[in-house]
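Heads up, the chain below is alone and in the form predicted on its own; it's given as structure tokens.
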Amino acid sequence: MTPTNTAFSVNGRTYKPAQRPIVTICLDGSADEYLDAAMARGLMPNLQRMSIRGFRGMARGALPSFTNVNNASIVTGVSPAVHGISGNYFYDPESGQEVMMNSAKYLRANTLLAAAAQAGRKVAVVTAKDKLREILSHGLTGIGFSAEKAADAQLATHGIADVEKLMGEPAPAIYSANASLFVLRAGVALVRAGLADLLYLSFTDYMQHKYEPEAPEVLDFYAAIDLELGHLLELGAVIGATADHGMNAKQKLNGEPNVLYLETMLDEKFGGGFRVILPITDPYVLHHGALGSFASVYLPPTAKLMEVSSWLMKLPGVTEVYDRETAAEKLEIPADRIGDLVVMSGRDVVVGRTTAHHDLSALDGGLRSHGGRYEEMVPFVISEPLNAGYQAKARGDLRNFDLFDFTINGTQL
């Protein structure tokens, strides 16, 4: 059955999809260096063809450069200031609790996936990590499941059952390359079976946390991605791919994690009562040990904001410090879901709370992480030629959350 081309509007944008399968992909953690390394070795011929025939450039992601923030931006088409997701983890002043930000109750904008389904498209969301499924599937009448818990998918709750039977393989281990490859293979299977014609496929960044761009293991991983891209192209899909964030080594020359334990440092300098929130925090501790390059700082009543801000800005490794209002405006994040101060660190530096708060023994290999300005720029690839209007847009301030707009509207000649 030919997909509908009924237009739909959400969050100030109108989308008119082609009557072809549309597949958008979040290549979690894929700094451009990963694609370059694989393509230079001839391991991604399909991506190479997409880049030549269509478009390949760089886009600016949302800050903080974390998974939940950017996935929410991509599926809503707007910044965190609008959709409200400020991290994987935040301090909820209403409850006085530090909580995971995995629930759709924190989302303040509708998703274009739900809108597309209401317009008659067969929509599917497949994510590697189950933590994202509720946010991405918010309001969706369609298919939504994770690779992590594919075996648990039920028709009533996920829009599909017997995923492992459809795939011909069991659900993968979350700490594996296969966690992402399963997502992509699921996308191929859903399109091939006629179960979906507008898809969002979101990977996990385990491989990028573990390996540098030229490691043999990660080169094999990107070659496997390219094979599935080829299958999607054979099925006639229009493909758009970007990333939620990049990835950098955050280590000293001796290989130890390069950490500023901000809560300890602030308490020692100004007295107790500081609360440092690390929005990278999530259940997947082998990825990053809850250490990233972005922190939110809540001050005790006795602390002087300007004094603390000035002191933080002088710390070696700290690159940006903003008060709440400035951070909300400059970084496009919701003011009510960040601290009194926002702190970002350098390319090779992460911020933590206290040494006791982080179990670095859980890290699988050296520390590679993200969250700050140095992981903000990400690849942006469209498989089809862009029309004149979108060629002009691509020369401006291209954002990763323009992905659906470019994939759907930008390829209509």
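Note that residue numbering follows the sequence shown and begins at 1. A quick note: this is a predicted structure, and the numbers were derived from the prediction, not measured.
The next section is about a form of this same protein that is not shown, the form predicted in complex with another copy of the chain.
- None of 330, 108, 269, 149 but one reaches within 4.5 angstroms of another copy of the chain in the predicted bound form through a heavy atom, and that residue is 330.
- This chain appears without its partner; in the predicted bound form, the one residue of 99, 313, 161, 215 with a heavy atom within 4.5 Å of another copy of the chain is 313.
- Using a 4.5 Å heavy atom cutoff, none of 81, 92 and 275 lies near another copy of the chain in the predicted bound form.
- Interface membership of residue 233, defined by any non-hydrogen atom within 4.5 Å of another copy of the chain in the predicted bound form, is ruled out.
- Residue contact with another copy of the chain in the predicted bound form: residue 393 places a heavy atom within 4.5 Å of it.
- In the predicted bound form, at least one heavy atom of residue 39 sits within 4.5 Å of another copy of the chain.
- In the predicted bound form, another copy of the chain sits within 4.5 Å of a heavy atom of residue 249.
- For the stretch 372-399, the set of residues having any non-hydrogen atom within 4.5 angstroms of another copy of the chain in the predicted bound form comprises 373, 374, 376, 377, 392, 393, 395, 396, 397, 398, in sequence order.
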